[in-house]
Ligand SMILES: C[S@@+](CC[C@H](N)C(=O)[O-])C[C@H]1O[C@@H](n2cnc3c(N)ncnc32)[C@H](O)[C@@H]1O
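Listed next as structure tokens is one chain, alone, in the form predicted alone.
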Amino acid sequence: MPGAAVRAGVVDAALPIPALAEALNGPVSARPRDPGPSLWPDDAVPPVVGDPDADDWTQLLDRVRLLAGLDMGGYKPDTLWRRVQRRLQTLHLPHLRAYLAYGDRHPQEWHVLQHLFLVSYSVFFRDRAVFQVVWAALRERVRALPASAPIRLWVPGCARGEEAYTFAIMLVELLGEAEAAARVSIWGTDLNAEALAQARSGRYRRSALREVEAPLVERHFDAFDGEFQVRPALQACCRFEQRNVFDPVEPAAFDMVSCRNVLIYLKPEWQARLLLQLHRALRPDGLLLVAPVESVETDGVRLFTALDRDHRLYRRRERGHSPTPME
């Protein structure tokens, strides 16, 4: 595990024990502050000081796009800049231009930055109150379908797969293992290859299951050496693919899309583009779930109607429908 962390480029230093002790005992202000790409929520990031030079910022995004294969042009620059700030602190670099020079000497750095940009954090049944509402709506959706009709869900930005498997748990509970295996297809997509590898493995630490009720854990997971493996019935329902959320998808393909904590990172014009993409992907009256801090009330108001506004659950409406004041 330590070797894997070093190879991934997310450790602050790999030192002999005497040097490590010296580094840990050094001045607090000189210590690296970055514990890794998935451990710092945005509200815990040190505040941004100043703005990057526009030309330097363009060069940075170009390097990440060309050398790491990640186009961040549609993402809010302030969010990305906070993460670059963390990296500057870790490397003790004074400004972005020095970081560009560092990256040119160490090309692997652009892959490290890619990890920082692609925060892959989730847990099973994250926001339990949300999933109580979703479970009822999904049950209603399933009951309205013909008995043998396929049930398809899409989880863009699926990270390590916890949310995709959460939906698999709900549908196996609703249908039983045999029927779920025959009807359910849950597609998890993300740009983070390492996160997707864990999703495919289906193995998680206890902390990822902290929101899951004990009977569900017993029915859907096997315990191994302090970790938990999702059972084959869940894995049979899910497939994971490295894919950009803006890549074309089959129209009217999904009964539900759960796109949480993706819109919040995008510029307004890209939010509108994504909402149109999700609308096209959903079947008539299909369900859309976004994060509690997100909303479709502006660009998406003619595309979706709220089923539960407090928990950000929406239903697809036909294009061209004009909402009434009550909606």
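Because the structure is a prediction, the values reported are computed rather than measured. One-based numbering along the sequence shown.
Same protein, other form: the form predicted together with this ligand, not shown, and the subject of what follows.
The three marked residues, A168, L175 and Q235, fail to reach this ligand in the predicted bound form, with no heavy atom of any inside 4.5 Å. With the partner removed from view, the residue among W187, Y121, F228, W110 that has a non-hydrogen atom within 4.5 Å of this ligand in the predicted bound form turns out to be Y121. This chain lacks the partner; the member of L96, A180, V134, V245 within 4.5 angstroms of this ligand in the predicted bound form by a non-hydrogen atom is V245. Residues within 4.5 angstroms of this ligand in the predicted bound form, judged by any non-hydrogen atom, belong to 190-198 and to none of the other stretches in 205-213, 190-198, 84-92, 98-106.
Contact between R260 and this ligand in the predicted bound form is found at the 4.5 Å heavy atom cutoff. Proximity of I151 to this ligand in the predicted bound form falls outside the 4.5 Å heavy atom cutoff. This ligand in the predicted bound form is not approached by W57, whose heavy atoms all lie more than 4.5 angstroms from it. Put simply, A159 is close to this ligand in the predicted bound form: some heavy atom of it is within 4.5 Å. Contacts to this ligand in the predicted bound form (heavy atom within 4.5 Å) from stretch 82-102: none.
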